Ligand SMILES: Nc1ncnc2c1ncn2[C@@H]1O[C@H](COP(=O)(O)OP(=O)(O)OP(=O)(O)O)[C@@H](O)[C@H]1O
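The data below hold one chain only, encoded as structure tokens and taken in the form predicted on its own.
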Amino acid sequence: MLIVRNLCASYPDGKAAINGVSLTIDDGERVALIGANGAGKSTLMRSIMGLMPAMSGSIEADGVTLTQNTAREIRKKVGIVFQNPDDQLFMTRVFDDVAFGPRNFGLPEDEVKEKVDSVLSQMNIVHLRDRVSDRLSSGEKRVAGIASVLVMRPATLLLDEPSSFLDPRARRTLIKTLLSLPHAMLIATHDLGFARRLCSRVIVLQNGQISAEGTPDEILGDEKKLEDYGL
């Protein structure tokens, strides 16, 4: 379970980015986070990961509260998939990208290999194991980026615009892949059809605050409300 309570965070220039956001994501629940550009979606996700310091409020994942001392533990429980796969993949081979996390946590190489091979099999990308990351298609990069997070076995996934850069076929493959995973997910997206296919709940963020919350039908089925939300 991921619990965010009254979270406030600012950009480096001091401008408020997140203002009093509270949300809970239950185990296995998939929640869409929508909002216009600049609403604070990416900032919220970075704050949850401890990548952007919060001014106030609290973040709790599986009973662990985020502090400077627990940030490493939180990142075992919550994994983030960035909007641009090239920010996720920076090693030479896909195997090494997926192995980076376990190696960084000091696991022995035989255990690293076992974990990487397991997650590559789970994601049906064993054939990409020795491929050069920057020569993958956008869809292949996206799935490899997800694998690099799943290998750490987090309970919750944060996905920032996961369907961006994808053609229709790769988008369908990604939807099928995410639906097959048991993880809780917070999915920031402008792709409202993607949100409707995947999520049971939708949260609308405006100017760093939650302005609406409900089922996909309640939130996404009203075009006038979507206009009001800047979508």
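We call the rigid core whatever largest set of C-alpha positions still superposes within 1.5 Å between the two forms. Here the structure is a predicted model, which is why all the values come from computation and not from measurement. One rule holds for the numbers: they count along the sequence shown, beginning at 1.
What follows is about the form predicted together with this ligand, which we do not show.
Asks: Have a look at 165 to 173, 34 to 42, 192 to 200, 66 to 74 and name the one stretch with heavy atoms inside 4.5 Å of this ligand in the predicted bound form.
Replies: Only one stretch qualifies here: 34 to 42.
Asks: Would you kindly say which of Gln83, Asn124, Ser138, Thr92 lies with a heavy atom within 4.5 Å of this ligand in the predicted bound form?
Replies: Selected option: Gln83.
Asks: Taking 4.5 Å between heavy atoms as the contact cutoff, choose which of Ala17, Ile210, Ile25, Leu220 touches this ligand in the predicted bound form.
Replies: Spelling it out, the residue with a heavy atom inside the cut-off is Ala17.
Asks: Within 4.5 Å of this ligand in the predicted bound form, counting any non-hydrogen atom, which residues from 208 to 222 show up?
Replies: Contacting residues: none.
Asks: So that I can tell if Pro53 moves, could you say whether its C-alpha shifts by at least 2 Å between this form and the one not shown after the core superposition?
Replies: It does shift by 2 Å or more.
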